[in-house]
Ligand code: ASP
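What follows is a single chain, given as structure tokens, in the form predicted alone.
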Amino acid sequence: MNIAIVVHGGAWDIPPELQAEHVAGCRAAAETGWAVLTAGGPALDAVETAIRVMENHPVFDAGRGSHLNRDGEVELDAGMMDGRTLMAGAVAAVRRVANPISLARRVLHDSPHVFLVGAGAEAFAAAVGLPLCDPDDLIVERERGLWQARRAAGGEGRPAFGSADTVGAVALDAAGNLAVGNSTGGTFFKHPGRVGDTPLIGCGLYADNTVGAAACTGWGEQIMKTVLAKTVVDQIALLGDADVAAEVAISYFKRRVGGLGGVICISPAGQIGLAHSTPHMAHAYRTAEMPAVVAAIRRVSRKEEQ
């Protein structure tokens, strides 16, 4: 049974005091998704359940615990794609949905559209029976304190890339189907309504059974300019090796736009790929040949490790 799952918990300079929680959150997500796959479940279910674990963990910039925007509010983005059908669903700038990955999944299955935003996305959530939450329930004291400090310092200027705890997952199920998903609260102190790469098909995520699947994390504006997820899967098809493809794509990303970010991917054969241009990337993965999930803070590229 050639199954595989890989998750990411963000690519940035993760502070030492947060690293253990990042590893634990990624491990729990990968183990939850793996349980779905070993029970014969589809890759879409494995991806959704894994990402929900991370959305519910307050250490990540996704779901509860997300960064606050300039107005002190949480705005969430998420996307999913089915590698078998190329169907996709995405949502952005939602404020009353605790698990936007599940809303993206419902858009994928239950809407004629691919992308819904803001109040319209929340209305769709209510129409399909997904619960709405109080926006304040998504705010944690860590992020409120950071926002208050930024406001006290003047709060001016463009939001800069600092942390990128966007969460994501890629899975291959026993039927040979690939799926991918991403979820995020976006950049800290972003302009209200800002949307990054996370929910954008081809930029933050892409899946096609014939070539591979990839999820990205990092500075969204740079990732969008290089259509990074699609670049990764195209390289898998060209090179036949997921890990090399990830490294090649990140090398281009860094060289072309000074890109700060990371990528996880799986080939149609079940190979795992990981690469990043930031100091750290939180991740976890397991394949059919492995006895357990491996979870870690990845500090350098594999080429540098060798």
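One-based numbering along the sequence shown. Here the structure is a predicted model, which is why all the values come from computation and not from measurement.
Beyond what is shown, the protein has a form predicted together with the ligand; the following relates to that form.
Among the residues S102, T226, T187, Q235, the one placing a heavy atom within 4.5 Å of the ligand in the predicted complex is T187.
Of the heavy atoms in G89, none are within 4.5 Å of the ligand in the predicted complex. Not displayed here, the ligand is approached by G220 to within 4.5 Å at the level of heavy atoms in the predicted complex. Using a 4.5 Å cutoff between non-hydrogen atoms, R150 does not count as a contact of the ligand in the predicted complex. The ligand in the predicted complex is approached by G196, whose closest heavy atom lies within 4.5 angstroms of it.
The partner is not drawn, yet in the predicted complex one stretch among 134-142, 178-186, 116-124, 207-215 has residues with heavy atoms inside 4.5 Å of the ligand: 178-186.
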